[in-house]
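Listed next as structure tokens is one chain, alone, in the form predicted alone.
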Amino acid sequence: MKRRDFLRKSVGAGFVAGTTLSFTGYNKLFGAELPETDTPYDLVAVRGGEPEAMFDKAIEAMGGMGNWVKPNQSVLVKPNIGWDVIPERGANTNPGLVRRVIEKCYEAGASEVVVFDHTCDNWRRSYQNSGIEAAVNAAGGRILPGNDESFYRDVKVPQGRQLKEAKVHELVLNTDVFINVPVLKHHGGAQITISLKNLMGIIWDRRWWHRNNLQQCIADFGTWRKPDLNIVDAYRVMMQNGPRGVSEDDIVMMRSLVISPDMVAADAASARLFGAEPHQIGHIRIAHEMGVGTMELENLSIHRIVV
């Protein structure tokens, strides 16, 4: 399908909103603006800039990285590095955003920032060709592998309905702060992948999830360990053929970013950017019902920024 045909045939009203919004339309995307308060925002959405600049605006509006990273704390930054493809394919988190997040952690006083993913393609090639290995090194972080079962530890998921246990990478257990940095994109099995789905990259036995009610397992795991902060890369968004994609024709330049400590809220807002209502995405709806977070954006304090 030619790109212009894809744009005409595949988009819903929300997707059109996400890609061609006017300033006024963008402000209305997540519901009515609540009155300004002195309390921190629940969610910040930024549109129209480069990933690094949008993140700078977002974290400033949230009160600064120091709200999450204290001096001498160790930090795990978890992007999506699942695929052996170049950044222009949008299958992995934008490397410039990853670099900027690490830099902000160090500015806040982090003692160490580590990065890893349990990749789907060859991990060495995924790390290299995604551009994320170079970005981590340039920012002074440490990138580690997730390709061996010996790195993973058994944990219980007591609130899980389908998923009762999992093998989790030891870095998640041994670091003080957990920052989740997913990329928004289409996913053939889970409909879309954002913050909740990105946590499948910290576990070993994810094939079991695919065979045993994937949407429920994703929501179940959200009850075990909530990331301290979620930063959704919606700069270059894969609208079809996910999660790996086929070509750059799968991509729409959305130039957006969503940030929230509540991963259900972050995913609900990102789903609307994608063109879906949050309740239409199984794992978002279930996670909301289980109390992992909220998809009721209309009740949140949301700050919208257009760069």
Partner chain sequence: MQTRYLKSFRVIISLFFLVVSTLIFIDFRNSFSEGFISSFLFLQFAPSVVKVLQVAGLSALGFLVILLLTMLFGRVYCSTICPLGIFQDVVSWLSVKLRRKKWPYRYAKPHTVLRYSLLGLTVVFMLFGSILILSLLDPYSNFGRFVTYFGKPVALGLNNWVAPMLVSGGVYTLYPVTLPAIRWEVMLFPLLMLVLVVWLSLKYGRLYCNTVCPVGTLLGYLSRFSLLQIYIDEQACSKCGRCDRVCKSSCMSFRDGSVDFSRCVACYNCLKICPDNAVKYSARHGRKISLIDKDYLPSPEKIDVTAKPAENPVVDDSKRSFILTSLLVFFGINRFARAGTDDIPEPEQDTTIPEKKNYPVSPPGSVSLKHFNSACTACTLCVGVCPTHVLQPSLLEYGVGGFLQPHMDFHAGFCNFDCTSCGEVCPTGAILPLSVDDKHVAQIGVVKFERENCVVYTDNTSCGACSEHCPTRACDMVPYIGELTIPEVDESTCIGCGACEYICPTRPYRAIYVDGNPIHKTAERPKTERVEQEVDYEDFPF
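In this text the structure is predicted, and so the values were computed from the model without any measurement. Residue numbers count along the first chain shown, from 1.
What comes next is about the form predicted in complex with its partner chain, which does not appear here.
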In the predicted complex, does each of Ala53, Arg225 and Ala287 have a heavy atom within 4.5 Å of its partner chain?
no
I need to confirm a contact call. Of Glu165, Asp121, Glu88, Asp176, which residue comes within 4.5 Å of its partner chain in the predicted complex, counting heavy atoms only?
Asp121
Would Glu103 count as touching its partner chain in the predicted complex under a 4.5 Å heavy atom rule?
no
Taking 4.5 angstroms as the cut-off for heavy atoms, does Ser111 touch its partner chain in the predicted complex?
no
Is Glu60 part of the interface with its partner chain in the predicted complex - any heavy atom within 4.5 Å?
no
Does its partner chain come within 4.5 Å of any heavy atom of Asn241 in the predicted complex?
yes
Within 4.5 Å of its partner chain in the predicted complex, heavy atom basis, the matching stretch of 71-79, 133-141, 90-98, 206-214 is 206-214
Contacts from 217-253 to its partner chain in the predicted complex (any heavy atom within 4.5 Å), listed N to C, are Met239, Gln240, Asn241, Gly242, Pro243, Arg244, Gly245, Val246, Ser247, Glu248, Asp249, Asp250, Ile251, Val252, Met253
